[in-house]
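Here we start with a single chain on its own, the form predicted on its own, put down as structure tokens.
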Amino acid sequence: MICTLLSIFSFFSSAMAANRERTFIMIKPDGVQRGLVGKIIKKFEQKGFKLVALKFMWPSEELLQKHYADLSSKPFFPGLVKYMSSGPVVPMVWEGLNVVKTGRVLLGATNPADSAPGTIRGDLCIQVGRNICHGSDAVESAKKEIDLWFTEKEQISWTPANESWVYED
């Protein structure tokens, strides 16, 4: 019985470790201009995710064209790049168990009108063109976006003092 319980515990601990991942979250110019940076960071911290990289910067059109390359054929692409380069942004890397999926849930639907109350977009936005945040939609895209915006040295590996209160061993 004890061996079975230890095997089950070991399985869940291994599964938890395997699902620890990183995601890319960026506060867009409207979120910065509206003074919402702290509120957005607070949501991710309160959930228990770990911040491993953060910048405050004014992105170039070239960087944004690379970031949004998958949307380059869309009619709104030029306006998106122009808007995103209109002011400073706050790109971040967050780490945690299933952080990509859960981060998207915290943000809410891309269209704030479809976002649930309690989500970042549901509480703080009205229109899709001013939805204050970008969040990676998959582990693969998160890795690509993180590598585009941050060097390896800019991503800090560390263990928060409260980790044992957020995660089971």
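Everything numeric in this text was worked out from a predicted model, so none of it was measured. Heads up: residue numbers just count along the shown sequence, starting at 1.
Absent from the display: the form predicted together with ligand UDP. The rest refers to it.
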Which of Lys144, Lys43, Lys50, Lys28 has a heavy atom within 4.5 Å of ligand UDP in the predicted complex? Lys28
Go through Met57, Val128, Ala138, Ala116 and name the one with a heavy atom inside 4.5 Å of ligand UDP in the predicted complex. Val128
With the cut-off set at 4.5 Å between non-hydrogen atoms, does Val90 touch ligand UDP in the predicted complex? no
Using a 4.5 Å heavy atom cut-off, state whether Thr110 contacts ligand UDP in the predicted complex. yes
Please tell me whether any heavy atom belonging to Leu80 falls inside 4.5 Å of a heavy atom of ligand UDP, as the geometry stands in the predicted complex. yes
Check Tyr68, Phe76 and Arg104: does every one of them have a heavy atom within 4.5 Å of ligand UDP in the predicted complex? yes
